[in-house]
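Starting off, we have a lone chain in the form predicted alone, written out as structure tokens.
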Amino acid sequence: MDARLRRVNKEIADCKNDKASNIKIDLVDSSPFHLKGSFPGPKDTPYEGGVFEVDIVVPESYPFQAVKMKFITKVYHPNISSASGAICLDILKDAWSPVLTLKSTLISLQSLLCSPEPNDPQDAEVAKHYMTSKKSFEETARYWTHIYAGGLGSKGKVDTKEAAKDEIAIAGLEQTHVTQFEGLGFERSKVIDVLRRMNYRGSNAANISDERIIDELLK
């Protein structure tokens, strides 16, 4: 048994024996080098109540090379791509150290949910939302947690199938804003796309004229 396999097997066993952390690591298939991690969303954050799954690939030179991780669960967060699940975190790049483990890295991801870094984003649009209207951002992040991670939505429990269809809430927009431009004859999907890209949210909406929005809708 090579050193990498011994270390990974030990880390998986240690994680299973540690019930207090609520960090789980499971095999994806028969290979111990492709794993799925999971952890609960931190309390007192928009991610509370959700369970977040992470895809883990252990490279050949582990632990001297960082593990590759990305979120399987969709997360609304400045440092996590809302499209691909890619993560912007220093320990997954140049700040990796062989003393780090799979469990400690997953705990760092859990901590990242508590402490977004919008000035070093993975998802620029989400970072803009966070910086211009934190309250609106948190409502959207909470809604995504409910839809994608099984958490409690911002308005209490709702039917998941109905909620998943609510493109406006998923985009972090207000119904009245979308309806306003829909009323001018534009398709809902186009309106949502434009308002999301232009960060037409919270107080920032007052800084964007209707003419600018219409110009974008006509493109």
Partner chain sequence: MVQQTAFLSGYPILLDDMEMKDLPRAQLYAMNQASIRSSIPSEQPLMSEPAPISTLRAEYENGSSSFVAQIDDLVRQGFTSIIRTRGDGDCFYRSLAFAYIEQLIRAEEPELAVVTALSGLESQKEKLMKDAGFQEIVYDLPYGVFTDLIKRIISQSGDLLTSAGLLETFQDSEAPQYIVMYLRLLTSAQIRTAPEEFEEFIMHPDTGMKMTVTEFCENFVDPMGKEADHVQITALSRALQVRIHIAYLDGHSPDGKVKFVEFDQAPDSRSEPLLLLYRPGHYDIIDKNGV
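Residue numbers count along the first chain shown, from 1. What you see is a predicted model, and the numbers here were worked out from it, not measured in a lab.
The form predicted together with its partner chain is left out here; the points below concern that form.
**Student:** Any idea which of 119 to 127, 132 to 140, 90 to 98, 71 to 79 reaches within 4.5 Å of its partner chain in the model of the complex, heavy atoms considered?
**Tutor:** Of the options, only 90 to 98 has residues within 4.5 Å of the partner.
**Student:** Non-hydrogen atoms within 4.5 angstroms of its partner chain in the model of the complex: do K190, D193 and M198 all have one?
**Tutor:** Answer is no for this spot.
**Student:** Might F52 be said to contact its partner chain in the model of the complex, defining contact as any heavy atom within 4.5 Å?
**Tutor:** It does not: once its partner chain is placed as it appears in the model of the complex, F52 has no heavy atom within 4.5 Å of it.
**Student:** In the model of the complex, does R6 have a heavy atom within 4.5 Å of its partner chain?
**Tutor:** R6: contacts its partner chain in the model of the complex.
**Student:** Is P63 near its partner chain? Define near as a heavy atom within 4.5 Å, in the model of the complex.
**Tutor:** Within the cut-off, so yes.
**Student:** Does at least one non-hydrogen atom of E211 fall within 4.5 angstroms of its partner chain in the model of the complex?
**Tutor:** Close contact is absent here: in the model of the complex, E211 is far from its partner chain, nothing within 4.5 Å, heavy atoms only.
**Student:** Within 7 to 36, which residues come within 4.5 Å of its partner chain in the model of the complex, counting heavy atoms only?
**Tutor:** Result: R7, K10, E11, D14.
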